[in-house]
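As structure tokens, one chain now follows by itself in the form predicted on its own.
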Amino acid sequence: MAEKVTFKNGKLHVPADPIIPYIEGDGVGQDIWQNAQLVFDRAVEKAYKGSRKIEWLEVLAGKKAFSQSGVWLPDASLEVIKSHLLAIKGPLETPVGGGIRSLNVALRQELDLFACVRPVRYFQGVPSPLKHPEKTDITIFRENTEDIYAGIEWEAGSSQVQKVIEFLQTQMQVQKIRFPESSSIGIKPISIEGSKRLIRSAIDYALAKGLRKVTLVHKGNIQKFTEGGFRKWGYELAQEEYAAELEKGRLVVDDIIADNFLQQILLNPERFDVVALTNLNGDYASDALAAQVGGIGISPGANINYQTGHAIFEATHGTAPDITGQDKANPCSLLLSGCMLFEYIGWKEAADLITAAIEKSFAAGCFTADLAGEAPSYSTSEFAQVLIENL
């Protein structure tokens, strides 16, 4: 009988037949999920010879939820994910205008998924703008709940922004708002607790993977108390909790200014193993690094709370409405996110099978349209069948 995954004493407890919720996603979500699920199930069957099996449970969010209930993110869906700890999702449409700002951000904030984890690596045969894309093998830990994504801002000309500016000028003696009559104002919260829990997760990940270097990426030369605080608190954490690893040389913690980092990942990407970033810098860096190895169509992502066990694994690309329902979308972002899910629950054998199948398919020149260029391309379903044959 299928059971929930649970989290006790800091560890996941995974039954042989776990119930895992999924959100199909909007746009091409319908194309990629149905094919990805076939690959997931076949990999589990092959890896464990029928002794393990996932019971997939659909929960609604996005356009599908709105069309059925009039709500973009139903409370019932959140409760299912909370109670089952884990979920995997396709891309979600964000409604334009009023209402919820971003469904993805809302899910992260509601579940306090403070670590956005994106491993970025190159697959042989994939087109890349770099001469040596194989040198890029970096795991991003992006803080997920603070920074400007907290959504604390006031629009230019509103009565609210006038109150904020008046407070800043009269109570805080701020004289550096160049055009106060026409300025919008945003607030950037960066906390000690939020920074340290993210950096701690990055260091623990590096040590568990046998990686030596964790780099703190920041803009502390300009934003001295927020971005600079992130850097300072990261070094403090390393000394407080990982002194033995630092002394033995198992761990090296260093830092780099964000604009220099964006240069160095092009010039010397081999310098980096695991990088920890604030939210906005992490957003920029994630997509920049993805472009180096072939684009977000093959980039996986996870949003994790390592303190509670909650995690959502997701396709990192958009809904691509121009090709929805045409069986053209690349399923690899979702597939590789599924590999992250399998590794997270300790089913590494299934993850390795899928990764190896993708490697074999790419090396043989089997690509969906986004990567094929002038060569003949495979449809989503054809590509999934090739992967199943290669498992």
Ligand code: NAI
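All residue numbers refer to positions in the sequence shown, first residue = 1. Source: prediction; values computed, not measured.
The form predicted together with the ligand exists for this protein as well; it is not shown, and the discussion that follows is about that form.
> Quick one: does P127 come within 4.5 Å of the ligand in the predicted bound form, counting heavy atoms only?
Replying inline: No, P127 stays farther than 4.5 Å from the ligand in the predicted bound form.
> Applying a 4.5 Å heavy atom distance criterion, does Q162 contact the ligand in the predicted bound form?
Replying inline: Contact check for Q162: no, nothing within 4.5 Å of the ligand in the predicted bound form.
> For I323, is any heavy atom within 4.5 Å of the ligand in the predicted bound form, or not?
Replying inline: Flag for I323 set to yes.
>> Can you tell me if G309 lies within 4.5 angstroms of the ligand in the predicted bound form, counting non-hydrogen atoms only?
In response: Heavy-atom contact with the ligand at 4.5 Å: absent for G309.
> Just one of T316, T145, T139, T136 has a heavy atom within 4.5 angstroms of the ligand in the predicted bound form, so which one?
Replying inline: Comparing distances to the ligand in the predicted bound form, the residue within 4.5 Å is T316.
> Given that the ligand is left out here, which of Q292, N279, N305, N104 has a heavy atom within 4.5 Å of it in the predicted bound form?
Replying inline: Checked against the cut-off, the match is N104.
> Since the chain is shown here on its own, which stretch among 325-333, 50-58, 348-356, 36-44 would lie within 4.5 Å of the ligand in the predicted bound form, judged by heavy atoms?
Replying inline: Of the stretches listed, the one contacting the partner is 325-333.
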